[in-house]
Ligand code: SAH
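Okay, so here's just one chain, in structure tokens, the form predicted alone.
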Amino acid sequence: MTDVPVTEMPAKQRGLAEAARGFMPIDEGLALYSAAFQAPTGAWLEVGSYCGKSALYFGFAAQAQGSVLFALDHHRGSEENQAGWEHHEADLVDPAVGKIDTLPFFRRTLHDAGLEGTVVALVGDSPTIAQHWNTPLALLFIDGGHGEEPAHADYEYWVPKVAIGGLLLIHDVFPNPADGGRPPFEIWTRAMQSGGFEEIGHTGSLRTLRRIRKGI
């Protein structure tokens, strides 16, 4: 495995990313930033944006390179964000509809970071949007729903769109079941067993892969 070269993140940008709301550990966020500089020219897309923390790490890298990040989320919260689950945050619930709505928080995060011209929000269901997306991806980050159905759907709908030489990053990959849920590990395993990817980086639960041939 080849380690992704570290690209130093400017202090002001790093401070904004670290302060943003979300669950991304600092070392893994910095790994996102560094990995983005290894992506070939083309569209970047993240599945799962929540309040915008990962979008800042990618967004600042995109800004530096004149690229664009498409940030896809339905903004109603994943299974683990719902009431009664470990990662539920009650103040994210829109009282008018009784459902989580992270979109206003996401937009504020981008505004305050000066990234509204670099990060494009895609609001909707991941498989629905994927079925109408025809642009090859230079970078794909999967960090959406961690349940079995949404995680495998994200893999099946989006991974075939990664171009040769493009990057696939998967978050919350835990080989030991005691450390976390299985679906992200399962889709990482699918990618590695497909013969289409090689792993080039591993930081915490974040795995970075490069497509070396077609086929998922």
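Position 1 is the first residue in the sequence shown; the rest follow in order. All values derive from a computational prediction rather than experimental measurement.
Although not depicted, the form predicted together with the named molecule is the subject of the following passage.
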property	result
One stretch from 185 to 193, 22 to 30, 61 to 69, 160 to 168 that, in the predicted bound form, holds residues within 4.5 Å of the named molecule by heavy atom	22 to 30
Non-hydrogen atom contact T118 with the named molecule in the predicted bound form at 4.5 angstroms	no
Partner proximity in the predicted bound form: W44 to the named molecule, non-hydrogen atom cutoff 4.5 Å	no
4.5 angstroms heavy atom contact with the named molecule in the predicted bound form for P136	no
Any non-hydrogen atom of Y50 within 4.5 angstroms of the named molecule in the predicted bound form	yes
Any residue of 126 to 153 that, in the predicted bound form, places a heavy atom within 4.5 Å of the named molecule	S126, P127, F141, D143, G144, G145
